[in-house]
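As a starting point, one isolated chain is supplied in structure tokens, in the form predicted alone.
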């Protein structure tokens, strides 16, 4: 029997027909992880609908969730470990052979060069973050200290700013805000906030509220906006600097609030007082009167919330823009209030923040390492060098950096130059094809999983979802893969695990004592605690939930940090039992769980600066603001007159989890979008074939004209260019892989985030 009963809820006639049972789970295709219910026919997901009882999404879902079977049952799924032969081809090997050889090869690199010469990349996709906990255990077993993941090409600049200003992550409250601003973000398609389209419609339709959008493209979100500032591509810094400057220059600063709750306001106010608003409005192509109207609306509002995304995080001046947008809410006093910007609890933090600003440096490139994450654009460079600290091996898990990081050819070359590489994934990805070993993971619907994208305030939601199906034959869930690797590395054996298993059978209290004593006696066991808990505590958990064992420890920590908020969420227990009660509620929460409930004023208690105040002055960025007028408005040239956004989010693009092109109902070829006037000047139109040329390379595609784009602005969608077996079983790529057109040196000077949204390009018609 493939179905696991704990996830099922029966309704009408289901007792006689298993295909009519609705099973509760979540969509895994974006960070929201909306709760859904699905029907199964054997191993196929045949129907999907939103789960109205889910405490986070409340029945909301989008078109992506309706097609998750393309992920679950893709024909390119792996079902056996693979080992590369000398000629570059692959052969299947059994799991025991794969585990022993992978462990030996990793140990060989660590012993010869040090564990710090191995890079761990990934550790969880959009919905499988538990794998990251187990990956951390393997890292510690090998002494791996260098790691990275997708956050390092998107969010580290903002994290760098958040760390200095508040010492932790901040989250906007669009559900209750009077004025909401989306900066380089189109939540109609990219979501990023709960119930995105419902929230946008509510904000747009209420005459007492206002929606502001800053974007170079007239997006679906912009069409709903009360104010749309359509900036010239790459000029976001000029726009947001002018907007924030108007707040200062026109007297909208919350002076008393600033004096009571912040430090370092004097140099910030002085710098913004000097910003030439009219000049910057002209530089970014926005009407000055409209820009001032937006600033006035923000300054006079009872509440204001703002959210940035990849549109500015992957474009020029990205870290500066992150700073300026945070000054916008801070200077208007929109913190720790309904409809403002707040800190929040977390079960497992996604970032570690350094309010001191003293981040370590990479030993090869000397670049800042933000939140422990190596800059993605420097990974290939750190392999293809003679530096004594160069990377010698990679351990890549639930990620496809050959496709998703800048300069795909360089990353492929780097993987081939390594002493050793191993990939854990569900499919034979572009990255897997460069690895020495590929270990097939069970899908996100074949194991217990959760996400640590717990970013909401005042109520924060977590969903630990049970497996829908047994693992595909030949695959293993990450907890099993990592625990086997750790055993093969000699960190522990049954003589150390059996006493802990016995203690777990006695009860959680006995296990906690035994676990603490074992870790004190042998610190290596504490370092690989996730695997130890999986092997010892996992067997006494409900069926299918053993992989959630490390969440027991996370629940204890969360209960200690946020005891009052956990109790306010309805979890009851004294100081000693509260963590266990929270853990039990997590495992039992078919519809998700509100695990903390705060009052808005509690946001101050979650600030992590030494004095619990907001620190406004970041000298490096104020200096950059002062030099902004000398920077170019665009990096287009005569040879490359267009600006390409390499990776636009569209209605039928998601991420590389869904590789089957059949899931797309629109834009199946991933067309190049461009302004119709530009197309006319080139003598082309809809359906014409063109060659897109950048400094990195060239690619052929078809054209779609649209007046949502400005002149000289072109876009290609994300999630395209993935090889997938066709009807003849030959792998073919649909659309353009954007990172065949990008270079690793095109990046932010602080965080190293790539400028994927601002790639100079030219378009060449291809004769019919």
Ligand SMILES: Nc1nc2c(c(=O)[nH]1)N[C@H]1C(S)=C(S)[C@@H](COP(=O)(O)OP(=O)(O)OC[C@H]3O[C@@H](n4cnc5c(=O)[nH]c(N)nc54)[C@H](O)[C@@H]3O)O[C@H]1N2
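Just so it is clear, the model here is predicted, and its values are computed rather than measured. Residue numbers count along the first chain shown, from 1.
Only in words, not in the display: the form predicted in complex with this ligand, which the text now covers.
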query: Answer range among 281-289, 204-212, 93-101, 437-445 for contact with this ligand, defined in the model of the complex as heavy atoms within 4.5 Å; finding: 437-445
query: Complete contact of 319, 378 and 608 with this ligand in the model of the complex (any heavy atom, 4.5 Å); finding: no
query: Position in contact with this ligand when the complex is considered in the model of the complex, options 231, 141, 692, 582, heavy atoms within 4.5 Å; finding: 231
query: 678, 173, 648, 602 - the one with a heavy atom within 4.5 Å of this ligand in the model of the complex; finding: 648
query: Non-hydrogen atom contact residue 757 with this ligand in the model of the complex at 4.5 angstroms; finding: yes
query: This ligand contact in the model of the complex: residue 70, any heavy atom under 4.5 Å; finding: no
query: Partner contact for residue 217 in the model of the complex: this ligand, 4.5 angstroms, heavy atom; finding: yes
query: Contact of residue 314 with this ligand in the model of the complex (heavy atom, 4.5 Å); finding: yes
query: Sequence-ordered residues of 424-438 touching this ligand in the model of the complex, heavy atom within 4.5 Å; finding: 424, 425, 426, 427, 429
